[in-house]
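Have a look below at one chain only, the form predicted alone, in structure tokens format.
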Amino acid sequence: MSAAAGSSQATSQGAPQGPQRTLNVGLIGAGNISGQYLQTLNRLADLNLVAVADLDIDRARQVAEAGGAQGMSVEELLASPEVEAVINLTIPRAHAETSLAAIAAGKGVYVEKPFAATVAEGHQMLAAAEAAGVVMGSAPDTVLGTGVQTARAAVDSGKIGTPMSAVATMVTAGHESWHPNPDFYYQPGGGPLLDMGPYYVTSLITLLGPVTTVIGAASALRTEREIGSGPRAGEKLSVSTPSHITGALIHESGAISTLVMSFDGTASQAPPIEVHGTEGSMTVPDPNHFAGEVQIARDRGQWQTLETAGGYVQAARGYGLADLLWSGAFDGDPGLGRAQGALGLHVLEVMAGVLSAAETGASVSISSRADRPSAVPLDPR
């Protein structure tokens, strides 16, 4: 199947038109990212925040008050008959435990990236959701915005011909310069690939389709980092996970993507993502954001900016859950919608495969499969 052809889920019928209803949502994890979700939940009438839980009950109550909801313990939230779906914003190593508990309580789950701490846990989560017949969704949902979706429209309409390759680049100096507690980023389970890779890999799969095989190389030449801000400024951290990773992703379509994720540089002028086809090349905006310019060059010509041609215009954190609702996933068919858990698991296995390939020096086959998500037509929501 060519990347431009899309999956069996692809549709040209316009924006998803699921039953118009309100979904009662409970949020578990009241950390920094919860504020961005709260803005979306406060704006979209279709998502009704009813409860917020956190290990720190005072923090849960503060976030709940800002969202017009009730603060409570995790156990109370999971036991509440009012909560239909849980947004899981816990730390990655708690993603599986929290999601499985919500699934056991009969609630749908939308989990922040990465899907789980390990591929095995991801499989367990997905299997539990399928057995229970509940929705299992996964971030990132930045790919539903106008940036990646305008690029997707260009690929699907043949503007660059048959996609042959892509390059995704993320190079920064590392999070210790601004993050007061950056320890996690330099321990196993952290690093630039698992931290930022979900945005890039999800975008590459959205544009070019699922991945069958990966290879990789990695390094951690700086064995120590210094915290640059907050009460721990000046404290040294040991690095115990790769801080620079390069991978090659071989897509089912035959296209090959090159991935560079690094905390070992200073900056980069490389486009976040470039896609090259038989008839042209295209730059894609930062997949950590929802919007941005898409540029295309054809016939050795000048780069030109494309008009916005797809995506949710007002997209923000939480639109993955909204898309599942609008697509009808909560009304009888949990497999509807774009931000599916199967995609989150596939992205996780691709990243884990690159790290494994870097360690062993051998290519790694990807066993999970996820359909290339259907395109999002230009939608004013």
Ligand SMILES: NC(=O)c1ccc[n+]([C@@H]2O[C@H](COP(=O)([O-])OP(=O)(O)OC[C@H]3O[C@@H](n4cnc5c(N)ncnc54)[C@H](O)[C@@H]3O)[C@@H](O)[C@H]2O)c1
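Predicted, not measured: the structure shown is a model, and the values here were computed from it. When you see a residue number, it is the position in the sequence shown, counting from 1.
Heads up, the form predicted in complex with this ligand isn't pictured, but that's what we're talking about next.
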Checking A132, A94, I256, I215 against this ligand in the predicted complex, the residue with a non-hydrogen atom inside 4.5 angstroms turns out to be A94
Just one of I28, V350, A339, L41 has a heavy atom within 4.5 angstroms of this ligand in the predicted complex, so which one?
-> I28
Are any of the heavy atoms in P114 no more than 4.5 Å from a heavy atom of this ligand in the predicted complex?
-> yes
Is there a heavy atom of T90 lying 4.5 Å or less from a heavy atom of this ligand in the predicted complex?
-> yes
This ligand contact in the predicted complex: R61, any heavy atom under 4.5 Å = no
Closest heavy atom of V313 to this ligand in the predicted complex, within 4.5 Å or not?
-> no
Go through 94 to 102, 266 to 274, 290 to 298, 243 to 251 and give me the stretch that gets within 4.5 Å of this ligand in the predicted complex, heavy atoms only.
-> 94 to 102
Tell me whether I33, D54 and V74, taken together, all sit within 4.5 Å of this ligand in the predicted complex, counting heavy atoms only.
-> yes
